[in-house]
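Only one chain is shown below, in structure tokens, and it's the form predicted on its own.
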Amino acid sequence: MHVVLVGAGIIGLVTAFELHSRGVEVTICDPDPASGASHAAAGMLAPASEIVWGQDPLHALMADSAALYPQLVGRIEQVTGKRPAYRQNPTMVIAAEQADRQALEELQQVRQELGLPSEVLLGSQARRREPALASNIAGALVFAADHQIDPRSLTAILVEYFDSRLVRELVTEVLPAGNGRPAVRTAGGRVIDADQVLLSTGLQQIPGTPALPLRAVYGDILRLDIPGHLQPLITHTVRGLVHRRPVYLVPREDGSIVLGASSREDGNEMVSVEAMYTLLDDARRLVPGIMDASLREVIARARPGTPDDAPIIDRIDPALVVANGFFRHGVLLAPLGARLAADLLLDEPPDERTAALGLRRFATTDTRRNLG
């Protein structure tokens, strides 16, 4: 079997790896692989500390996918000889002041109901573990099982591994299966036949495919270089609430810190100065030492969000599957999303989790009829 995957973000690349591991021939089409939201993402694998109200089904998917990461990393290392930058350091969620502590306690109730273990710390206890924390923080929770991976490391390994199977061109059309096999046409005029096509194109809409209910949610994210004499500034991934605004600091192996991230739907593709200032100001409230850092990079990327913030993984027609709309959780959900998409492409017995991720959940009666 030959599958053409349109889109080489982390979802497309990990799905290609999953298919290839099952003996499937793959071709991946993308003019600039791993340059979108995957390039900006901090890579927190944090099903417990990512919890928000009213998204219980999504939390279960996140926890299931996080549990698959050690196996995925091991398989990639075994096949490619290179290990992605996967760190199993715990996550500490901090309340900057008493009002934020109340919000933290409210969400802690949801975590307890879902059976997610955590450790409650006073501010003084948190500072003993992370001396760089501000002296006036109100409290913290520690999630030992919330880890991180550097998405740039993971995608770079897979892009190199699939180099001979990468077509670095934009797909402009998906052609119907006239002879029983579908095909895609690229901007350069190439027509690539396939047995199946997977669309993981983010916000790009390709003619000949159903429109997806996606919205662009922009995120601004910074990368900071910490002076050598201060490294490591922090050892936990630090997530915080400052005036109930979320902020995070993710320490990398080289001593740098990823600081993020805003969430805005203003249509501005450029970095927002207001968002950047707010992130820096909130982060210094938690970890004052970042004011000694140098700014290595600041970028903005759009994340494809659905109306319910859960992804769409669905078969659209006998030759076309879509895996899209992963919003803020594309990195975390990549292992599970890849398995579910690969099962659909190969007509494996359906996973019960896939039913809740179908496109039809957003459709009107007339649209459902058109989708079959």
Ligand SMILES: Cc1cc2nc3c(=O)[nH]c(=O)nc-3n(C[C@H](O)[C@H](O)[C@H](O)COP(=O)(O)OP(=O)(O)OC[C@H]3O[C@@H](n4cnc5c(N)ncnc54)[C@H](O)[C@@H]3O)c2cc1C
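Residue numbers run from 1 along the displayed sequence. Since we're looking at a predicted model, the values are computed, not measured.
The discussion below concerns the form predicted in complex with the ligand, not included here.
At the 4.5 Å threshold, heavy atoms of Gly240 stay clear of the ligand in the predicted bound form, well away from it. With a 4.5 Å cutoff on heavy atoms, Ala34 counts as touching the ligand in the predicted bound form.
Using a 4.5 angstroms limit between non-hydrogen atoms, Val3 is distant from the ligand in the predicted bound form. In the predicted bound form, Leu170 approaches the ligand with a heavy atom inside 4.5 Å.
Note on contacts: among Ala42, Ala48, Leu345, Ala338, the single residue with a heavy atom within 4.5 Å of the ligand in the predicted bound form is Ala42. Of the residues given (Val287, Ile257, Ala261, Leu158), Ala261 alone sits with a heavy atom within 4.5 Å of the ligand in the predicted bound form. With the partner omitted here, the stretch from 136-144, 86-94, 296-304, 120-128 that lies within 4.5 Å of the ligand by heavy atoms in the predicted bound form is 296-304.
Taking the ligand as positioned in the predicted bound form, the residues of 330-354 that bring a heavy atom within 4.5 Å of it are, in sequence order, Gly330, Val331, Leu332.
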